[in-house]
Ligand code: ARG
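First, one chain by itself: the form predicted alone, in structure tokens.
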């Protein structure tokens, strides 16, 4: 009897290490940084895995269903998402990533998927009182503009704002937004979808500057990041993305995410690089 029990325990351990859930399905581990509404954020009326919502979460659920796997959302900082993919501690990260040459060189990237105007338009926000102060790139001369670490917005700031503009790299957008309100810097570069959410949740306090980044067509959609060499999984993901696009799900998911992002029960939640809730 003891031997049988031991064998059962060993089998359970093997299944656990193989990424199987209690339902018997394999687990798809997906990293997200839930500080980026409407792409990924938290619904405070829910608990556990269900509290993570947004366009990318809907997409992750669809991918898991199509693969016949059980989804496990792994919340962490934006930087940590990329490290987790590179080290193979997650299967993929779906967190509002744009295509960049650096990412293409270091990861497997999926085909594009489209989330409204979230990546098509990249903007800079500031406090409402300064809304008219920045109509051009040159307006930011001598100013402090923040952007998230390892983000498309950071690259755009460095390439399109004046050389004497101080670019401040921030770890997460929730904290950065509070810093903007506190006057730690003059403006914050974000995707248009994120700007709309900040403005909707803080009426009269925040505005989009007149200047808007020029965005290359290569950056106007999102990609899923997978470990380098995960070619079979990447191919399956691309098939699923094509299925979602053909079914018209992208528009539905984005509309749902925008509506929920404007609700009082929805918040952006920041994580540190150790996976703990920041602040």
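Positions refer to the first chain, counted from 1. Note that the coordinates shown come from a computational prediction; the quantities given were computed from them, not determined experimentally.
Although not depicted, the form predicted together with the ligand is the subject of the following passage.
- Contact with the ligand in the predicted complex, judged as any non-hydrogen atom within 4.5 angstroms, is confined among 88-96, 135-143, 162-170, 200-208 to 88-96.
- Taking the partner from the other structure, the ligand in the predicted complex has no heavy atom within 4.5 Å of any heavy atom of residue 55.
- Heavy atoms of residue 103 reach within 4.5 Å of the ligand in the predicted complex, making it an interface residue.
- In the predicted complex, no heavy atom of residue 113 sits within 4.5 Å of the ligand.
- Taking the partner from elsewhere, residue 78 is found to have a heavy atom lying within 4.5 Å of the ligand in the predicted complex.
- Contact annotation for 24-53: residues with any non-hydrogen atom within 4.5 angstroms of the ligand in the predicted complex are 33, 35, 36, 40, listed in sequence order.
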